[in-house]
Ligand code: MSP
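Here you get one chain, nothing else, as structure tokens; it is the form predicted alone.
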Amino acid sequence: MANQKQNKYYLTTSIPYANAKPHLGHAMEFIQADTLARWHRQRGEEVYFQIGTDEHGQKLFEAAEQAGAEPLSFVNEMSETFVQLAGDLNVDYDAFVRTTDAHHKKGAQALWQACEKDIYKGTYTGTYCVACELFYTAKDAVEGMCPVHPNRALEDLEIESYFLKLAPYQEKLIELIETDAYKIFPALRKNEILSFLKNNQLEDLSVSRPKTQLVWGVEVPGDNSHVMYVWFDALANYITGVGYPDEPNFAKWWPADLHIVGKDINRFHSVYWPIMLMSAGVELPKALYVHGFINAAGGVKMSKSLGNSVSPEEILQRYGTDALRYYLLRYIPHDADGEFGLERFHAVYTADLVNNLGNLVQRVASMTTKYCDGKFEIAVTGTPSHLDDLEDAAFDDALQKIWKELDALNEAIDKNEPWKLAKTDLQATQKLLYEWIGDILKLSAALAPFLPSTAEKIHNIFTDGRVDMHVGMLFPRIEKED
């Protein structure tokens, strides 16, 4: 089985909560995962890339009530906005999982049954945050407020619940993370989890809610008076999406090669998810990449109430898909929080995409048309070999290297001044242009996972030994808005 799986790659994003329309953070995670999927396909691997939406739980039930809609109708509409965003971002995924789908519910119940030796019924008394869908201890709470949502007071609850035993797996989990058998990166996120695990005795996890408190969820097998805790249900998507427990695809694709999630849900994926799998006797995923947040300019949290939030749609409509993909991959650090502001975005678009990449391609194409009658001779071999940064999701570092090479090409054109050289040595001018076209096509192949539409346009400009100027500009100049 190991040999069969050597050329296969399965990766997932987290599944966004379908209680509101997507924001820039969702867009970034989709783009990051899509870039990795395309990169692995470019290397000749068979890829299965899964996204989806999380559609159960108290927070969503309340959002549906506030909207005056039935929960299923509400999530149908909200889920579609994520499907639409993925399409707008040119995300080439293989599966979109919804936790309201029948096959997912069946798989989540099968996972529960596989964990039953570690599940028992009891009573939970404590404080709870509906926004997080999580209980917090007095140690975690900040003066009675949620540590993640500081403006939200924690609610006191006493409920009947099923619990999953965590402590029996704590030491084994520490070992798996320390040895990178379950690889968590970047190192900061790995160290956060190890510190938590080594300094706290894990308390058993509440994994159900009585229907007297919540009816919108997957029923607990054998007890229709309880529904599963939304995170137990949601985390199961990574295996139900590939056919857990007994469909052929599960044996083919599991374990996942990579989960991509945000830092706010690191603990769910670094602690609860692997313990659920160990309890069920299911192999753990190989790796977890934990990205940071996108803040507004100045490092301030984005918020509609502060007027500093930016929707993906407004950027896509004005600047196009690849411009947004480029900024989020290049200028949001892969291992830290980043900032997004319209003014900086416009400056980056103009400098990096219009004046650098776009102008380079336009100049070489125009000069080849003028000095070579639109024809060229080059030999382009292989695919890019210098993008090892993507092994650790270092998108920003990889793009920085590509742009250094673009800078070098622009400098070479300015230094050689082919428009002057052509007056005295046309053959030497043509040789230079052939070399530059070869370099551009190699860099275009390197760019393909990041900016797929742009790479395709470059290929169409320089194809079959002829320049096609009808393809048009890669990035039109856009006037800055007031």
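Note that the structure is predicted; figures quoted are calculated from it, not measured. Throughout, we count residues from 1 along the sequence that is shown.
Although it is not shown, the form predicted together with the ligand is what the next lines describe.
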{"item": "Distance check, residue 291 to the ligand in the predicted bound form, heavy atom within 4.5 Å", "value": "yes"}
{"item": "Contact of residue 228 with the ligand in the predicted bound form (heavy atom, 4.5 Å)", "value": "no"}
{"item": "Proximity of residue 234 to the ligand in the predicted bound form, heavy atoms at 4.5 Å", "value": "yes"}
{"item": "Contact of residue 17 with the ligand in the predicted bound form (heavy atom, 4.5 Å)", "value": "yes"}
{"item": "Interface stretch in the predicted bound form with the ligand - options 262-270, 187-195, 156-164, 280-288, non-hydrogen atom within 4.5 Å", "value": "262-270"}
{"item": "Answer option from 442, 26, 38, 457, heavy atom within 4.5 Å of the ligand in the predicted bound form", "value": "26"}
{"item": "The single option of 395, 349, 238, 112 touching the ligand in the predicted bound form, heavy atom within 4.5 Å", "value": "238"}
{"item": "Residues of stretch 42-58 in contact with the ligand in the predicted bound form (4.5 Å, non-hydrogen atom)", "value": "54"}
